[in-house]
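Read the single chain below, which is given as structure tokens and is the form predicted alone.
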Amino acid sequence: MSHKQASFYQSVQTNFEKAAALSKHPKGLLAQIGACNSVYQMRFPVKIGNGYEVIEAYRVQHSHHRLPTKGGIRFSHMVNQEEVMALASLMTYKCAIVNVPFGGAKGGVKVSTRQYNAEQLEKITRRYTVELVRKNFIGPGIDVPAPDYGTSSREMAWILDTYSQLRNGELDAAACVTGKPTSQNGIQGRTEATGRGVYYAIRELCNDEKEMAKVGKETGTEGKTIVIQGLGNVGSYTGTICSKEGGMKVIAVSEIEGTIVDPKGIDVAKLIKYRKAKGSIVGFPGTKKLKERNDWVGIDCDVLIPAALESQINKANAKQVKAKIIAEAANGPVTAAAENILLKKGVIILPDMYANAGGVTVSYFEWLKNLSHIRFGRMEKRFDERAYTQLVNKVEAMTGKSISQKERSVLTKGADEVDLVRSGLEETMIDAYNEIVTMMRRKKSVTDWRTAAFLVSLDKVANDYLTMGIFP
């Protein structure tokens, strides 16, 4: 076990204990909430080339206060049991904060995706699914996986197909996993969901006069500078949406091949295309490469967005941070020790359990879609468009004025699935923001966002347990 991953789990537990000490719930109940309920550690053989490899994998169900449990599957050579336990724990708190009725879970397969081709990864994914089915660790009402680091909609499609073969005829089989391709019972807006959620979180904070006054910034997102570490799914969508919809300026991007900077702003959409063609972000027109890749931490900006792996901002480099706001797009990118340093500097940290909850929120929508067997908007879209058209016609008749066809199209448009998904996600992130802010301002002993978020989560999970009668 690496020290880094162990410290990640300990960071989660330290943050939990910090909040638990401020809550009024019984110690026994808090101990139950903090513990991982089920840990499935497995080894299975997969034929790779002319021989066999034994694959190490995990599935952790952190909390059964609500079912099914929910959480992604990570493919990484860094995977170990404590990392998966930490991620599963965060999922419980994350689901509670955004009012998604799941318990937390997480999966991990210890493989480096770069060392296997698509056919080999398919074998590994399908065999992993078989192991989950054997032990009843997957199912629409039991445990519902999703994509995470190293996995995508492709792997989710393989999981669904394998599950469906083993559970032939199960009516709700499609709901056994989320993050699927839209053609395979997925939902529009799921791929961008985590990044879009990060943007909504940043936007709500930047529009909060009281919070902006604390860091000496003007309200609003327009013109604010951001630095992004990690240009994967989350980082790329966060960057493009923050720029396009929030008017923010991406001045630096860090990836495994290096960190590039351009004070005038980097077009993330063009950078993604450049990297796909060249295999690297280094050399992107108009940018300069930093000598030290890890110096992204100390770039002067308004919002720092770590969107890669855990423990990226730690005790060793926290003092370099110049940003006034950190939005945790990744899971656990700021260690507990680093957070103590940053809070003393007056940095606002939007915690991962809130900031990156967009993924599980839209996964919830996908799960609901699969259970209802109908896509969002199908029943009402045309009806709404006719009603809006009649309303516009009536206003034109009464005023004697007409509008352009473009204006008419905007005013009379019925909601597509993606419109409803984005609307639902936005509402969820706004509500969660308000709950966390209310907790922080009501409880004077709480001075940081993470502790406030934990307390919101603990209250909800504790109430579920108490309602169940387990802790009378």
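Only a predicted model underlies this, so the values are computations on that prediction, with no experimental measurement involved. Start at 1 with the first residue shown and count on from there.
The following text describes the form predicted in complex with a small molecule, which does not appear among the structures shown.
- For the candidate set Pro351, Gly108, Gly71, Gly239, a heavy atom within 4.5 Å of the small molecule in the predicted complex is found for exactly one residue, namely Gly71.
- Asn331 is the sole member of Asn331, Gln188, Thr287, Gln229 with a non-hydrogen atom lying within 4.5 angstroms of the small molecule in the predicted complex.
- The chain is drawn here without the small molecule; in the predicted complex, the stretch among 257 to 265, 131 to 139, 352 to 360, 379 to 387 whose residues come within 4.5 Å of it by any heavy atom is 352 to 360.
- Contact annotation for Pro147: at least one heavy atom lies within 4.5 Å of the small molecule in the predicted complex.
- Contact annotation for Thr178: at least one heavy atom lies within 4.5 Å of the small molecule in the predicted complex.
- Taking the partner from the other structure, the small molecule in the predicted complex has a heavy atom within 4.5 Å of a heavy atom of Lys94.
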